[in-house]
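Below, in structure tokens: the form predicted on its own, a single chain.
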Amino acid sequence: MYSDLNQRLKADVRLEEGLQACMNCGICTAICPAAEFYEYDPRSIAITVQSGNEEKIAALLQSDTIWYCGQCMSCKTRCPRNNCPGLIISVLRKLSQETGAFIKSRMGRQQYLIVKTIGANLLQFGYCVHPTSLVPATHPEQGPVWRWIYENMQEVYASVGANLDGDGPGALRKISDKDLDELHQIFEVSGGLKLYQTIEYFSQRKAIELGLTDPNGEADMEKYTQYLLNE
């Protein structure tokens, strides 16, 4: 599963753009917002990837570390060698997903929730976030104001000029079937759907490993979802 990691990283064109030649100056870490809040050091990640050490790269793929980056790309603007650790992180994340290494870390396992929420919203509605998917019972962090908006959605959005699920122009308008079909085709041709399936496959294996199964011994992904939400 974890063989030829260095070659697979180099096969991603984003690595060539993201890693010219790191000189270990640490400016990326100094500017990085995530480094302020987490044990996160983009400088050391760039050095590890540049070294080609397969054992250390494998450890990165299985760690929480690569999921701390917010992809703000502040590192790109300051690096004297024109490196971009944020792009390096993107490459590492994709390889972690493809190999199933992501299920080894708590933050990596959250990829399943992202696929089932943002991923599903994109393909169903054409939006990353759609009001109908922010159910108060599963999103208590949105608070009582959102609960009221959710319960009075049509009236609230109409009052601010939005066109919620309506035909024609306007915020939150219904995306046409033609455009949604095109979006599906883009995801299929680009490999996005395959990556979704890969994340689901390894997540199902993790659910079984944790004993979260139905009476037939198959992965119970509802139980797994609750596990992830409370992990």
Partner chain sequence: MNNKHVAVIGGGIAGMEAASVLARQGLKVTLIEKQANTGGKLNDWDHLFPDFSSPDELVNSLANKTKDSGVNTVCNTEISRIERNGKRFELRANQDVRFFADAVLVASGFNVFDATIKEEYGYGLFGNVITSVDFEKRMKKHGQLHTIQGTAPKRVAIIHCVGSRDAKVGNTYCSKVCCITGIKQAIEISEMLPDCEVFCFYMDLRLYGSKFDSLYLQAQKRHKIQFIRGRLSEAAERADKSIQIKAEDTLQGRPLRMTVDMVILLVGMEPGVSTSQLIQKNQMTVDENGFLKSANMHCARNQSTQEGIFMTGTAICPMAVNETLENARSAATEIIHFFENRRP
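Residue numbers count along the first chain shown, from 1. Keep in mind it's a predicted model, so treat the numbers as computed, not measured.
Keep in mind that the form predicted together with the partner chain is not shown, yet the notes after this line are about it.
Every residue in the set Arg43, Thr77 and Pro80 has a non-hydrogen atom no more than 4.5 Å from the partner chain in the predicted bound form. For Gly26, a non-hydrogen atom is located within 4.5 Å of the partner chain in the predicted bound form, even though that partner is not displayed. Under a 4.5 angstroms non-hydrogen atom cutoff, the partner chain in the predicted bound form has Glu36 among its neighbouring residues.
Among residues of the shown chain, Ala30 is one whose heavy atoms approach the partner chain to within 4.5 Å in the predicted bound form.
Only one segment in the set 218-226, 203-211, 5-13, 18-26 has residues whose heavy atoms sit within 4.5 Å of the partner chain in the predicted bound form; it is 18-26. Residues are counted as partner-facing when one of their heavy atoms sits within 4.5 Å of the partner chain in the predicted bound form; in 167-186 not one qualifies.
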